[in-house]
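Take a look at this single chain, the form predicted alone, given in structure tokens.
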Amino acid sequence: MSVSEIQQQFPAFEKELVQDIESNSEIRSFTAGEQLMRTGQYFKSTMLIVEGLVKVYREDDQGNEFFMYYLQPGQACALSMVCAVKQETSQIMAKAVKDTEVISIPLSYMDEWMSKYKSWYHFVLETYRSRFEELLETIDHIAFQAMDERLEFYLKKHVQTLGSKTIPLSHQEIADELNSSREVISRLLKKMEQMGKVKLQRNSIEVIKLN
């Protein structure tokens, strides 16, 4: 990836940092559905998203998923950064929702750049802060809201992240991510359709109007 392409996705980075990234990183590509991170994996590098969309989630012993947040171009995964620095195994999963391209940066450079470049230092801190706030928001909805409110919040987040009012997910996929049953999600979606909030389609949901 060229200097100009890196600067386009990460405009706050200093010129010298961008040159360092170009010289000391590699580009990795993942097809839609491919895993980027797995539970129990050790990290030797951190990844910056330059194209596509990545879903970060946890998985229990029965294979049930708990959706945490999405990563978009210009972002990085804070939890992978923490695991990399502390040399601990991952407690999360991540997979490409769309065909995705990332910049893979070896751990040694990530540490070095924290003291060498102010823009990298602030980028890492902002990554920690923003992901932590997203997690708090998700936890708040789980702890304090009923399933119909959680579902509406979930749909809003997808519209915002995908930049589209059509969400390409089945009722079962939504149920898995919200740790619910397909029957419950289908019933709530049908109720939302009757209220004019959504329009149900085969393996997708079109959002009409949410509060």
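One rule holds for the numbers: they count along the sequence shown, beginning at 1. Quick caveat, the model's predicted, so the values are computed rather than measured.
A second form of this protein, the form predicted together with another copy of the chain, is not displayed here; the remarks below concern that form.
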Q: Report the stretch among 34-42, 160-168, 181-189, 54-62 that approaches another copy of the chain in the predicted complex to within 4.5 Å, counting heavy atoms only.
A: 54-62
Q: Could you confirm whether residue 75 comes within 4.5 Å of another copy of the chain in the predicted complex, counting heavy atoms only?
A: no
Q | Contact test in the predicted complex: residue 68 vs another copy of the chain, heavy atoms, 4.5 Å | A | yes
(Q) Under a 4.5 Å heavy atom criterion, is residue 98 part of the interface with another copy of the chain in the predicted complex? (A) no
(Q) I'd like to check something about residue 103: if you look in the predicted complex, is any of its heavy atoms closer than or equal to 4.5 Å to a heavy atom of another copy of the chain? (A) no
Q) Taking another copy of the chain in the predicted complex, which residues of 121-140 have any heavy atom within 4.5 Å of it? A) 121, 122, 125, 126, 128, 129, 131, 132, 133, 135, 136, 137, 138, 139, 140
